[in-house]
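We begin with a single chain expressed as structure tokens, specifically the form predicted on its own.
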């Protein structure tokens, strides 16, 4: 039951951020579904992986592929869907506690929490970067194959 509440909340968070970014029409629904997808994948990856950074990496990778597909379907930039879809993964709580430890001069806890927050942020960035790169290579290969086939017709 808790997972369903988390997934629904991720949907609403992505919907709110998509509205904030002036995403309109059916694209708003796609962006919100991206948020739902990102948190669902994160929760599912938690059943098999015990390192949270890997969970966030897989979730960011999958939602980036989803955003690329939505961008091709709707003929819009990927950035229409990706920022709102990634919002549920942003480690805002960990960042908050890092700053709280810094303000209270708790250096050990601050360093520990900051490294944890940085590892999640790096995992998200790496997932986006790898998925975007693979997607671009895939599209380039498809275009190369299509142009090669046209020459022989």
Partner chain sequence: MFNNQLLSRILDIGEQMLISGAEISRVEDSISRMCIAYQVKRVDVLTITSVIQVSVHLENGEVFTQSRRIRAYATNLNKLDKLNKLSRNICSSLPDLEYIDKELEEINKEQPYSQYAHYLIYALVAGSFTIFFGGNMADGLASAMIGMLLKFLVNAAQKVDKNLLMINIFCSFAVGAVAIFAVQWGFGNNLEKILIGNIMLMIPGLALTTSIRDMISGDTISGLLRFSEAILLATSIALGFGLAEILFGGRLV
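The structure presented is a predicted model; accordingly, all values stated were derived computationally and were not measured. Positions refer to the first chain, counted from 1.
There is also a form predicted in complex with the partner chain; it is not shown, and the following applies to it.
- Residue contact check for residue 142: none of its heavy atoms lie within 4.5 Å of the partner chain in the model of the complex.
- The shortest heavy atom separation between residue 17 and the partner chain in the model of the complex is within 4.5 Å.
- Contact annotation for residue 131: none of its heavy atoms lies within 4.5 Å of the partner chain in the model of the complex.
- Using a 4.5 angstroms threshold between heavy atoms, residue 117 counts as touching the partner chain in the model of the complex.
- Shown without its partner, this chain lists 121, 33, 70, 58 as candidates; in the model of the complex, only 121 has a non-hydrogen atom within 4.5 angstroms of the partner chain.
- With the partner removed from view, the residue among 45, 65, 95, 53 that has a non-hydrogen atom within 4.5 Å of the partner chain in the model of the complex turns out to be 95.
- Shown here without the partner chain, the chain has 79, 80, 82, 83, 86, 87, 88, 90, 91, 92, 93, 95, 96, 97 in 79 to 98 lying with a heavy atom within 4.5 Å of that partner in the model of the complex.
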